[in-house]
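Take a look at this single chain in structure tokens; it is the form predicted on its own.
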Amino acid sequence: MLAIDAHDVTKTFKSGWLRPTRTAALRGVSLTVPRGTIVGLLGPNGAGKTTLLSILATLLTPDSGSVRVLGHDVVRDAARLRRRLNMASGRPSFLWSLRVGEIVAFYGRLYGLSGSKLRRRVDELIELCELGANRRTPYSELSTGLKQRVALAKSLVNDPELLFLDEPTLGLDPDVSVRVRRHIADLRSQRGITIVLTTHYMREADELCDEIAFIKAGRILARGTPAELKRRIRLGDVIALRLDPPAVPWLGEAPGVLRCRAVDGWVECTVDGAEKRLPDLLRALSAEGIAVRNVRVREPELEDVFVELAR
């Protein structure tokens, strides 16, 4: 069963009065998301990621196209849907004077919780998001990482079936990002929540997402698992060589070598298959009297796919 079923969605924004300008944010986007999965939306700034998320979360209405979320139309059934959804932004903003526990309790009341049920829910979320030591800390005194965790706690207050996360680790220190990603993975594995997230971080998408959709200029250019996308863009393995002498002009023309470039004292050769091409390259270099000081081999990364698609 699908959590999201969107077809040919468009959205254009108009700005200005005397000479209004129109900006097409979405140009016929189609997206399906199976229940219980994590799907990532990746793309450059201004690609349409946040606009699409806002439409799926019933915060914006599309100009055209059809969008069904959890079996309901996002326009006609918006009020009914909102009780089953929630969203967290990478740029959270809550009333600065409220304490952490008060913020979570406030949003619990908006969803109809009260009394002992509300207190239990606040306690659960404070523990889940590791906010116990800051429960009575005013929001204005929190670090960026703690603010992100408060936003995540708020987004879970109604126990949503579908959760939208807009750049959930934006600006966080690496150790904090690891903990936030662990929380996100646990939400799917332990609670079965369907998650759609936007991110600029390739490692985050590779680690968390079952599928990834690349969006640029309001259109989805490619979609698939990380491994499928790497194969589809025909990105090869990378053999990095530290050579003496470092300049070997013929390497780029060797069989199976797709391209070569010099990076910080290494020669990086993208090849159609490292297992097949590495022995041949080493033999050819040895025959030419070129010393190989070091060798590293890596598979293509999502960042490589992103760069190719964003060209």
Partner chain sequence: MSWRAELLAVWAVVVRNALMASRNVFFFFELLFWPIVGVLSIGLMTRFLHLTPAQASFVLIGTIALSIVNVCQLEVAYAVLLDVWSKSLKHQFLAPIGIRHLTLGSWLVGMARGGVLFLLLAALGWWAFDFRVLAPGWLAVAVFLLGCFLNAWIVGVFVCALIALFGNRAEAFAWASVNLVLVLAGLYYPVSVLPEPVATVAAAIPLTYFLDAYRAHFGFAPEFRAPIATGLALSVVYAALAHWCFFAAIQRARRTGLLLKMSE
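Numbering follows the first chain given and starts at 1. Remember, it's a predicted structure, so these values are computed and weren't measured experimentally.
This next part talks about the form predicted together with the partner chain, which is not shown.
- Considering the partner chain in the predicted bound form, the lone stretch of 113 to 121, 192 to 200, 126 to 134, 208 to 216 in range is 113 to 121 [heavy atom distance within 4.5 Å].
- Contact with the partner chain in the predicted bound form, defined as a heavy atom within 4.5 Å, holds for exactly one of V248, L60, L258, A284, namely L60.
- Put simply, of L170, A240, A222, L98 only one has a heavy atom within 4.5 Å of the partner chain in the predicted bound form, and it is L98.
- Among residues of the shown chain, D159 is not one whose heavy atoms approach the partner chain to within 4.5 Å in the predicted bound form.
- Put simply, K154 is close to the partner chain in the predicted bound form: some heavy atom of it is within 4.5 Å.
- Shown alone here, S54 lies within 4.5 Å of the partner chain in the predicted bound form, counting heavy atoms only.
- Using a 4.5 angstroms threshold between heavy atoms, N86 counts as touching the partner chain in the predicted bound form.
- Contacts between 1 to 27 and the partner chain, taken as any heavy atom within 4.5 Å in the predicted bound form, involve K11, F13, S15, W17.
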